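Next up: a single chain in structure tokens, the form predicted on its own.
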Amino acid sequence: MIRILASGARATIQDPGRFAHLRDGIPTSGPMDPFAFGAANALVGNALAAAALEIVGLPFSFVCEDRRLVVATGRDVALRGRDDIAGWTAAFARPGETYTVIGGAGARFAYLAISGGITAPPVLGSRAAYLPAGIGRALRVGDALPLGTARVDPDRAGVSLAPPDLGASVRTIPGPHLDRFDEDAVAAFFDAAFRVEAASDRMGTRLAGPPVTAKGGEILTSGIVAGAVQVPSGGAPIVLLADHQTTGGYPVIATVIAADLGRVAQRLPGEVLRFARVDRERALAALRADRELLAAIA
């Protein structure tokens, strides 16, 4: 069990997501940065489907009641215990020791994984919090979270992974409504530098830049996936993320590939995003490479 001593601005339990209820209007949820989340679990020896914590607004402090491996991943994060421990590096936590997830100026979404994983009761087959529907809740000081049986021993401490490149360029494949945008609109979308808006949240990253206008306005509602780049009538794109709605009536000009969702989620308000076109084969190759890297250290 871990006990929370400082909860940050918002910390929630997440697992890879809730995939069986889109038809009921319930989003997948799960981590905003899937690679950082998966890496956290892999580094402490958990199954990649184990539940961990997603934290916004550091610091976040906790104490383990028994021996565990812990790790913090995400953008510009580290762990502070007996010593400072770099992010993306597993550490051995002794019973009663306080550890704090800390972040620098670039911190956005941080992930904390503990060996054994968090074993809070699942809801609709998943432990992922979806706060707008009251599924799970933001964690509070004093909360005690149950843990599963750890799969690894303390010798794993020090295992690390280099943080991924979180550059401003994100790869996309053509969206299902690309034909609703003329050549000038498509060129504007792929040539422009868009600025991340402060109104961005777990539902999506809102962008400001040159307007990208679709022909014929909105569409009949259609299914939505994480990474879909919707373009409302005002022409300001929205990249949909973990808590995206299940259907939408704005045309989708492109879809950010799964391997680059973290690049979008980790951008701070005021920072820039650019979009690059790739084909399906390159998108799948990037996802396979990520999965192979995590499997090699799990």
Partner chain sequence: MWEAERLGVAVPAYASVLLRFDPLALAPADAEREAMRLALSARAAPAGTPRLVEIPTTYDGPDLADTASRSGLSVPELVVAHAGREYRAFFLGFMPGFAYCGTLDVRIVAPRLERPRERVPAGSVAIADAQTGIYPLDSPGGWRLIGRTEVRCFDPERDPPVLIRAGDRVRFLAR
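Numbering follows the first chain given and starts at 1. In this text, all values refer to a predicted model and were calculated from it rather than measured experimentally.
From this point on, the text means the form predicted together with the partner chain, which you will not see here.
With the partner omitted here, the stretch from 178 to 186, 91 to 99, 222 to 230, 194 to 202 that lies within 4.5 Å of the partner chain by heavy atoms in the predicted bound form is 222 to 230. Across the proposed site, Asp24, Val123 and Pro132 without exception bring a heavy atom within 4.5 Å of the partner chain in the predicted bound form. In the predicted bound form, the partner chain sits within 4.5 Å of a heavy atom of Leu287. Under a 4.5 angstroms non-hydrogen atom cutoff, the partner chain in the predicted bound form lacks Arg3 among its neighbouring residues.
In the predicted bound form, Arg277 stays away from the partner chain, with no heavy atom inside 4.5 Å.
Among heavy atoms of Ser61, none comes within 4.5 Å of the partner chain in the predicted bound form.
Looking at 235 to 270, the residues that come within 4.5 Å of the partner chain in the predicted bound form, counting any heavy atom, are Gln245, Thr246, Thr247.
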